[in-house]
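A lone chain, given as structure tokens: the form predicted alone.
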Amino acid sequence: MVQSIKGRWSFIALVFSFFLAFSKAAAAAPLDKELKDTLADHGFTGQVEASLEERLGRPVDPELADLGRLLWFDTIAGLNDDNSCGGCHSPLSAFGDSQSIAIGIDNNGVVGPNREGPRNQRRTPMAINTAFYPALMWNGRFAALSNDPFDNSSGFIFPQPEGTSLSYNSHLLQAQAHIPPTERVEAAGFSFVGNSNDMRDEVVNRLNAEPNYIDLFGNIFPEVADGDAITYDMFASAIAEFEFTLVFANAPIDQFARGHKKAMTNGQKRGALLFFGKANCVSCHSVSGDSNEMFSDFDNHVIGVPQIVPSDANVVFDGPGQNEDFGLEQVTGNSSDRYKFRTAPLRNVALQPAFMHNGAFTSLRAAIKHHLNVPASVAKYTTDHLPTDLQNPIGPMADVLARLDPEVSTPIALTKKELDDLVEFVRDGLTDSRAKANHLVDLIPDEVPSGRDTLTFESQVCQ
């Protein structure tokens, strides 16, 4: 009798579970169709990562890329002898900054929450997926004039003194790799006497004085093996090649677009529909055309980010109070470009510890809420959540708010559930698990060819 009752309840439970699964599937079906149609309308394929080698016109060279990896973490290219690419682009922060505002030269040798030293003006952007970016940096000052980083036919533009002189490089990243060692606040310091070309010459002088680097470059470049010197173009090509390996664009949204309906949760799907619809995120964080499915239009906009000013900085800030960042105006000299910054690409964005060009927000939810109601966000903003040296009064905001981009000038009301779904989509639906710290930590070398001490990498807690 007891056995019979148990069997009956087991059967009822089984029927109920089938009914529940069927109900969920039935509920998801229209959601799936709506999202599938929406992505198609925006030209989103989820296949951009697979296009890398075709657009490069060749396979990525693993030996050259590994040489670039070693150079990435070696302070030999930093003429101040205390910073490397990895000091600001940390693999434990998805190759982005460990800080709200970057700390370059005169740092304490730590990469992570306890990094100390004078600040730069902005947060270091992530290097992941930059192979597909037509414009680099927070004010887009390095750009492909064709709007295609793989196409140099129209030239690559940089601020003077470079201008378009680096356009002989086949990819924007190869051209861009000529710049960081010449940036005094990032790597070069203020003691070295000379211009940008002198700095690059000194970098290659250092490389050519290291037998280990001569051997490594010689394994790749026959002319070096035959006795010729390492050139800066070789250095730049190695750095860029390493960056070509940092393409992580296989997030749940990509898998869904390729037909894997279960790759996304229903919350992520609802959030995606809000992103492309009611929340209007896609108006700037676009996926079609020149955006290369990177969730950015790579244009510059005023979105009213609170102006953060460090207590100790290596740069002089803008404005009469030296407490502002004029953004794109610094490049163009045009006052109408004041406070404009390039739209941040959103892939893997949740893996960084801070958001916006100056890290004004340290939670993804707060950053998203800012976009939905900028005036309200600014009105209640405080710096209490930032490191002590960034807790100064914010710069003037009236003129910033007066210049707000029309896309964010009208508040958008979302319910708590809608906001939860939107955050879930941006946080999880756009994150490729390979970009997480546990997958990238092994890229940090135990030692570098120069024999120099390496920086100390701390784990980073992302919110």
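Quick note: we count residues from 1 along the sequence shown, nothing fancier. The model shown is predicted, which means the values in this text are computed figures rather than measured ones.
What follows is about the form predicted together with a small molecule, which we do not show.
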(request) Just one of 130-138, 220-228, 202-210, 143-151 has residues with a heavy atom within 4.5 Å of the small molecule in the model of the complex, so point it out. (result) 130-138
(message) So, a 4.5 angstroms cut-off on heavy atom distances: do all three of 42, 261 and 272 pass it with respect to the small molecule in the model of the complex?
(response) no
(message) Does any part of residue 341 reach within 4.5 Å of the small molecule in the model of the complex? Heavy atoms only, please.
(response) yes
(message) Is residue 124 near the small molecule? Define near as a heavy atom within 4.5 Å, in the model of the complex.
(response) yes
(message) Taking the small molecule as it sits in the model of the complex, is residue 156 near enough to touch it, meaning that at least one heavy atom pair lies within 4.5 angstroms?
(response) no
(request) Check whether residue 34 has any heavy atom within 4.5 Å of a heavy atom of the small molecule in the model of the complex, and answer yes or no. (result) no
(message) By the heavy atom within 4.5 Å rule, which residue out of 287, 249, 239, 92 makes contact with the small molecule in the model of the complex?
(response) 239
(request) Counting non-hydrogen atoms within 4.5 angstroms of the small molecule in the model of the complex, say which of 394, 48, 408, 64 makes the cut. (result) 408
